[in-house]
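Below sits a lone chain in structure tokens, taken as the form predicted on its own.
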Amino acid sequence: MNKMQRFIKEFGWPRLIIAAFLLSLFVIAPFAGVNIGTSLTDTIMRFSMNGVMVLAMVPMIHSGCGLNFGLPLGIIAGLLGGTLAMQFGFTGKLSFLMAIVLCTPFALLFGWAYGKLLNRVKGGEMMIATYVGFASVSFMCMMWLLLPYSNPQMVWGYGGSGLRTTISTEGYYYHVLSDFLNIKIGHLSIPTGSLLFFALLAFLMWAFLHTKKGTAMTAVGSNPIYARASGIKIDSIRTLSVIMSTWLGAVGILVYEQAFGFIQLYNGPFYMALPAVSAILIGGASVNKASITNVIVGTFLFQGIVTMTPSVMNSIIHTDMSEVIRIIVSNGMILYALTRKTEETR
């Protein structure tokens, strides 16, 4: 088998086709009147916004808990941290740091309880995770109205109680990462800070997976019988992976919010899990195997297609259907990712 055949086998035809389609969009873009620099900026920005939430899938996959459809639980922890940082009046970089600090206890608690639940339903983790995600979001739809927030920029104007559906992060931690060491070359803008933050977390995850505890996590996911015979406490390792995934989800939504500029409460977390799951699957992961490379490749391909397709299509047909096209394309990729064969042997 030559190098080209080996590369195709390892990378996979589906990803090659998606990558070729994305490349073709970048090639067509100038002829359709779309600025390449602006399009590339949008793609890189969306990658930096979503990368950490996709990274959150890795620990649970390694431990055999499967794809984390319960990611909204971690996102809720992040939303609590972000809103509390604003409630306490922290601003700028300190606001973002305090949001991470304040979300951590919630993420640890939620992750621990979530992990205990998944340990009781081995073999049906992804189904239960889906229920956990929906139930937690539904519960918080009530709590956002009842929790005693008082910041006038966050609560409803008339009643003075209950949080708004959308809250601006301007004046707090808006673009604290995106504008840090930002590089501008013509129309191209690179959010260096966001990329470095993702790279740091990705490196820490890679380093952890190469530690004794990380190796034990991989062993639990690939061969739990062998892991148990080796003296590994399977339930403890699985719970640790869920806590890590929940915390990364919490931090991931904070990274997303600082770039997006808004906190989206109530049903907002509903729409975060499926794109993250789909991205890592498109990147080459399966329900029992994932790597940092899968995260990077999958996030870039998913966000690139979602960004470029509406821009190019709008310019070709001269009609603003960007949101409709984006929904069709993103849902199409989600459908592809969830229906492809994901069961692979290690």
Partner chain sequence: MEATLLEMKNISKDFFGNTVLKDVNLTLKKGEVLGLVGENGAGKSTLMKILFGMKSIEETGGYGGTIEFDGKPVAFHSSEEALASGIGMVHQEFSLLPEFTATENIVLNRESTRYSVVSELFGSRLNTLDRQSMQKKAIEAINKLAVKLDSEMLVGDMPVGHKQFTEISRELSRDGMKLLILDEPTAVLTEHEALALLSSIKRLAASGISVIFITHRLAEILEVCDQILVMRDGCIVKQLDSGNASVSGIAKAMVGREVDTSSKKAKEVDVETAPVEMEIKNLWVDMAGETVKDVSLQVHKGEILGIGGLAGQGKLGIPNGIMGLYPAGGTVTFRGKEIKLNNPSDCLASGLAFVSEDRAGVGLLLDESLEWNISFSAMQVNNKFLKSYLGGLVKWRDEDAIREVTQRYVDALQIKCTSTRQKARSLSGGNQQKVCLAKALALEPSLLFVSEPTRGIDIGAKSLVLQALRRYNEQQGTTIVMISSELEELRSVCDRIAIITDGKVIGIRPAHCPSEEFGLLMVGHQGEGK
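Positions refer to the first chain, counted from 1. This one's a predicted model, so the numbers in the text were calculated from it and none came from an experiment.
One more form of this protein should be noted, the form predicted together with its partner chain, which is absent from this view; the next part is about it.
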Practice task
Report the stretch among 185-193, 105-113, 214-222, 82-90 that approaches its partner chain in the model of the complex to within 4.5 Å, counting heavy atoms only.
Solution key: 214-222
Practice task
Could you tell me if all three of H175, A202 and V251 have a heavy atom no more than 4.5 Å from its partner chain in the model of the complex?
Solution key: no
Problem - its partner chain contact in the model of the complex: G171, any heavy atom under 4.5 Å - result: no
Handout entry: L181: touches its partner chain in the model of the complex, heavy atom cutoff 4.5 angstroms
Key = no
Exercise for the section: Give a yes/no on whether M154 approaches its partner chain to within 4.5 Å in the model of the complex, heavy atoms considered. Expected result: no
Exercise for the section: Using the partner position in the model of the complex, report whether W206 sits within 4.5 Å of its partner chain, counting heavy atoms only. Expected result: yes
Problem - Stretch 88-122: residues contacting its partner chain in the model of the complex, 4.5 Å heavy atom cut-off - result: none
